[in-house]
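Taking the form predicted on its own, here's one chain by itself in structure tokens.
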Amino acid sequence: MSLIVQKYGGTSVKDLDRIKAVAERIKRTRDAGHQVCVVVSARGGVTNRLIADAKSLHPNPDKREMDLLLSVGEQETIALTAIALQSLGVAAVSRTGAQAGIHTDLFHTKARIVDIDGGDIKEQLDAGRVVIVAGFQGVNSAGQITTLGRGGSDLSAIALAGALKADVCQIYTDVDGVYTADPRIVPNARKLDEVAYDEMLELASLGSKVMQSRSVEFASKFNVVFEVRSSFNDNPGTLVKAETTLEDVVVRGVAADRNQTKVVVSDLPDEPGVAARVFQALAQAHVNVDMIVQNVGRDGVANLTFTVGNDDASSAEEAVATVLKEVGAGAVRAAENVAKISVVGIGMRSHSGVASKMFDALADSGVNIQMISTSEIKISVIVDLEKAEHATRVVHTAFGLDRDD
């Protein structure tokens, strides 16, 4: 008897009809002779509504209270899913993140998992029950509820699959798998049969909405093979696993991230240690910095530009402003009207000319590049937000990724 971990996202459980459909799918899996542990997200729209309610009361709500508030969404779903299964004659029990033994660090709203003991999940499975676990949440050493950040249910599922030594981890979502680009932006995008951990990690961190990047990082670290597939049909999905090299595949996909803010720090004293103080302050504020460019100092001052997620923009400005006040010089300005376009592929390690092809395609289509960042398997550029979708389609076509109709 194999153990399968299934994860269902918000669109898959958005209303009672969808929850019933999910319960029927779980029942079919169990009737096929498998033990099933299920991780669910809050119903579609619930988390956004709770955030809006909190911010209508306070522009910067306390993070501890936000974790307590947002954890309600998943707890609603686990109970409803368990009840739906019971109505089908399937023994089922729900568990919160804390009851599932998901232990995190002390940081609220973006907690990191430090240990998983599984609680009594194995005992429940051995007793013939389906276990429904609340994704996105855990508990810290102080006994406080914590959440794992946007998309945290993916991380919950991957981490549980690793801890329980599951045979299969299936990530059910509203798309058929991982595509060469977002099909809503690029209609001719192709579904990938398989993708390497490194490629999936880059695509997830660069704006692909299919998986949370931390969940892919965890899967890679603990070698948890998983499949991304649709909860609306039975089509095969995309298998994500260790690297499989295809010599003729240079670029695997294109990602567009419109959740970007460009932060410009001007007239910064051009002295040793000043930039370090800026980034130390950002780190202490738990702001994740992405692309960084610093110009050559002139007349004793320099400009520093970097990008952060939109959610971190205000925290980044506050952190930098504190440093500038301490050094007695400089100014900080943030602009949210930018997007990051990236190409990803492990084949780039052994092929040249990828950057020039990307830059030529953008230039020919009238898209100006503001910043550039590269790694072994990716190239990213910052462009005007209004050009993001057009740039994505141009680059996708330039690398021959369009589907043949």
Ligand code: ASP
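Note that residue numbering begins at 1 and tracks the sequence as displayed. It should be emphasised that the depicted structure is a prediction, and the values quoted were computed from it without experimental measurement.
The form predicted in complex with the named molecule exists for this protein as well; it is not shown, and the discussion that follows is about that form.
Q: Taking 4.5 angstroms as the cut-off for heavy atoms, does Ala42 touch the named molecule in the predicted bound form?
A: The answer is yes: Ala42 has a heavy atom within 4.5 Å of the named molecule.
Q: Does any part of Gly151 reach within 4.5 Å of the named molecule in the predicted bound form? Heavy atoms only, please.
A: Yes, Gly151 is a contact residue.
Q: Going by a heavy atom distance of 4.5 Å, is Phe136 a contact of the named molecule in the predicted bound form?
A: Yes.
Q: Heavy atoms within 4.5 Å of the named molecule in the predicted bound form: does Thr47 have any?
A: Thr47: contacts the named molecule in the predicted bound form.
Q: Quick one: which of 143-151, 86-94, 312-320, 331-339 gets within 4.5 Å of the named molecule in the predicted bound form, going by heavy atoms?
A: Answer to the contact question: 143-151.
Q: Taking heavy atoms and a 4.5 Å limit, what residues of 173-196 are near the named molecule in the predicted bound form?
A: Nothing in the stretch sits within 4.5 Å of the partner.
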